[in-house]
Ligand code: NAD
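Next up is one chain by itself, shown in structure tokens, the form predicted on its own.
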């Protein structure tokens, strides 16, 4: 399996493979940068179609974490881990214990937290083997699941985007399509509903769809059609790659503001969004609420006031990206990357 010649290898500082036959652990920990501090990023537990697909995910996600942490002005570098979901039966506790030991062997180079398929309870298991973990359910600086803070950041950034396009941030009467109702997606839907937005939702979980229908008056849409709804805003909140050369021509929303990582199938599709008059809020800036919460926990002195300050900064950064993009005639992604890369150079 090629690493250094991999299309998504971006001068990563380290890529670590961990294997424990007894627990069926197969993990890839990608450390993109430690320039600003220890590499921090979540752990994803997923059924990958191949080892190569898992590596691609780890490489792309870890680079995005470097940019995310820099754009949020956090004292953290960027890293990410993926655990390949075992075939057949396995003991979850044993697997996450083995994973915790793998993290500990890195000596603090990488600090983990939750991502897709992982819970605060899993973080507690990891914590039994290493101190390099956040998103814990108990402890002096524990803050639990960071998903609600991620949703809050996305909600604030979305409102900044709405204000930029429509002149005010009033969401009453606005139509919003949300793809993916996981912890972040559903929490975002709750905020949008409370603000008066009309929701269209899609997910593979029928139970959560029924809950959204009954509690949030949401209209359920097929997962293959959610991006193409006649709405004002499209929120990709599932896995990455939702914005592709195939889907973008079908998108009718004027604003894309979602929580998913790596929403662009490739950077090359960004001009297509511009051509179709769609404003894109760069995902790694918009969804930084969770890592902001994690950073507060990593500091050892969790502070709601500090988290709030950083969320205000997130919203301001989104507004600045939109302003500069419009003023200079460049894409929002270019502006966001410029901000992140300048901070990464300064360290």
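Numbering follows the first chain given and starts at 1. Predicted model, so just to flag it, every value in this text is computed and none were measured. Superpose the two forms; the largest set of C-alphas matching within 1.5 Å is the rigid core.
Another form exists, predicted together with this ligand; not displayed. Remarks below refer to it.
(message) Is residue 217 near this ligand? Define near as a heavy atom within 4.5 Å, in the model of the complex.
(response) Taking the distances in the model of the complex, the answer for residue 217 is no, it never comes within 4.5 Å of this ligand.
(message) Would you classify residue 138 as touching this ligand in the model of the complex, given a 4.5 Å non-hydrogen atom cut-off?
(response) Answer no; every heavy atom of residue 138 is more than 4.5 Å from this ligand in the model of the complex.
(request) Using the partner position in the model of the complex, report whether residue 228 sits within 4.5 Å of this ligand, counting heavy atoms only. (result) No.
(message) Contact with this ligand in the model of the complex for residue 180, defined as at least one heavy atom pair within 4.5 Å: yes or no?
(response) Residue-level check for residue 180: yes, a contact with this ligand.
(request) State the residue from 118, 202, 103, 199 whose non-hydrogen atoms include one within 4.5 Å of this ligand in the model of the complex. (result) After the contact test, the surviving option is 202.
(request) Let me know the one among 223, 93, 165, 245 whose heavy atoms come within 4.5 Å of this ligand in the model of the complex, would you? (result) Flagged contact: 223.
(message) Given a 4.5 Å cut-off on heavy atoms, tell me which of 125-133, 85-93, 146-154, 266-274 is the interface stretch with this ligand in the model of the complex.
(response) Looking at the other structure, the answer is 146-154.
(request) Kindly confirm or deny that 68, 259 and 290 each have some heavy atom within 4.5 angstroms of this ligand in the model of the complex. (result) Spot residues vs this ligand: full contact, yes.
(message) Within 4.5 Å of this ligand in the model of the complex, counting any non-hydrogen atom, which residues from 183-200 show up?
(response) Heavy-atom contacts within 4.5 Å come from 183, 184, 185.
(request) Look at residue 61 and decide if its Cα position differs by 2 Å or more between the shown form and the other one after superposing on the rigid core. (result) Residue 61: C-alpha displaced by 2 Å or more between the shown form and the other one.
(request) Look at residue 44 and decide if its Cα position differs by 2 Å or more between the shown form and the other one after superposing on the rigid core. (result) It does shift by 2 Å or more.
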